[in-house]
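Heads up, the chain below is alone and in the form predicted alone; it's given as C-alpha cells.
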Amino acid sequence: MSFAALEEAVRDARNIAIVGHGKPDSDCIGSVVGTALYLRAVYPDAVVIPLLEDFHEKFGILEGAKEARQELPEGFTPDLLIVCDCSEAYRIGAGSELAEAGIRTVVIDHHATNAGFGDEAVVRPESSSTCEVLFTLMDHEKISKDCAACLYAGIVGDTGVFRHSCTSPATMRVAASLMEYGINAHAIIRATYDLHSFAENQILGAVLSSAVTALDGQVVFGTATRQMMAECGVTPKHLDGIVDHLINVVGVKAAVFMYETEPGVFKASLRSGEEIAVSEAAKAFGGGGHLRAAGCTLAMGAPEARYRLTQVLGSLLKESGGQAK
C-alpha cells in the first residue's frame, strides 16, 4: 500500500479508530498516536480516536499520548479501523471488539508473522518498526513535529536505540529525516528508553539476582512473580527492557524473561543473538514475533515453563550448530 492508497482508504472516513497490540510498547504507542496526529492534521473534519491499553507514564513526553483512550466514547461508531503494529487480530489490545464489527480495516505492521489480515494491509518485515513503515507512507510535508517525535520514539524502542539487527541504513535515514523536523531526539531517547524509576530498578535487581542458566550457560531465565511485582510496587507496564539485560550476558545465546499475569500463567519474552531464531520457540507455544525477539504465554508453573522452553531452545541450538547438550 502506498501513501496514495492509504489516503484513499481514509479520505471518505469521518470517524476513525486507531488501535495497537496489547501491553503497548514504544513502537505501538508511537505508531498509534503518531498516526492519529497525522490524520487529524491532514483530515481536520474527521474525528480520530487512538485506543491503547494502559501504558507507561514515561510516554507522556509524546504530545497526544495522554489523549489516547482505553475505550471509545459512548455513541461513537467508527467507519474505519486502522490497526498498527499488530500481527494478528486477536492480539489487539484496547478496541479489540472492533476487529469483529465488520468495519473497514487497514493494517500497518512490520511483523513477519503477519499474514495480512484486514481489508487493506501493508506489512514490511524488512523495516525496523511500524513507525518506520508509517514514515514511508505519509506525505512528509504534512508530518508535524509532534508526529515526528512519536515516530522517532517508536523506532528508538524497537531498534534498542539503533543497536538491534533490525536497524538498516534505511532505518537510519528515516531517523535522520525525523530529526530534521526539530524534535529533541536526546530527550526522547532518555525519557522513553534510558530512564527508569526506583521501583523499576528494584524489580530488575530482583529478577537478575534470581536468574538461572541452562544448557551450559547458553540460555538464561529471569522470572518476576506476582509477589515480586507487588513487593516492588510495579505492574507489567514497568517490565519492559528486563529481557535486554538478560541477553547481554557473555556466553548467552538466548534469554527468556517471564512474568506472572495470573496464578500459574506466565508471559514470556524471548531474545537471542545471531545463533538462533527465538520466534520458532515462541511459535511452539502459540506465540510469535520477530526472528530474534518474540513472545508467548505459558499456562503452567515457572519450573515447568523453564523446562519446556529449555527443551525447545536446546533443539534450536543443535540445529544451528550450537553446543546445546
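Here the structure is a predicted model, which is why all the values come from computation and not from measurement. When you see a residue number, it is the position in the sequence shown, counting from 1.
Separately, the form predicted in complex with a small molecule exists; it is not shown, and the next lines address it.
Tell me, please, which stretch of 66 to 74, 32 to 40, 263 to 271, 52 to 60 lies within 4.5 angstroms of the small molecule in the predicted complex when heavy atoms are compared?
Contact criterion met by 263 to 271 only.
Work out which of 146, 120, 200, 88 lies within 4.5 Å of the small molecule in the predicted complex, going by heavy atoms.
Here the answer is residue option 88.
Just to confirm, with a 4.5 Å cut-off on non-hydrogen atoms, which of 294, 258, 48, 276 contacts the small molecule in the predicted complex?
Among 294, 258, 48, 276, a heavy atom within 4.5 Å of the small molecule in the predicted complex occurs only for 294.
Even though the partner isn't displayed, in the predicted complex is residue 124 close enough to the small molecule, meaning a heavy atom within 4.5 Å?
No, no contact at 4.5 Å.
Should residue 111 be classed as touching the small molecule in the predicted complex when contacts are defined as heavy atoms within 4.5 Å?
Taking the distances in the predicted complex, the answer for residue 111 is yes, it comes within 4.5 Å of the small molecule.
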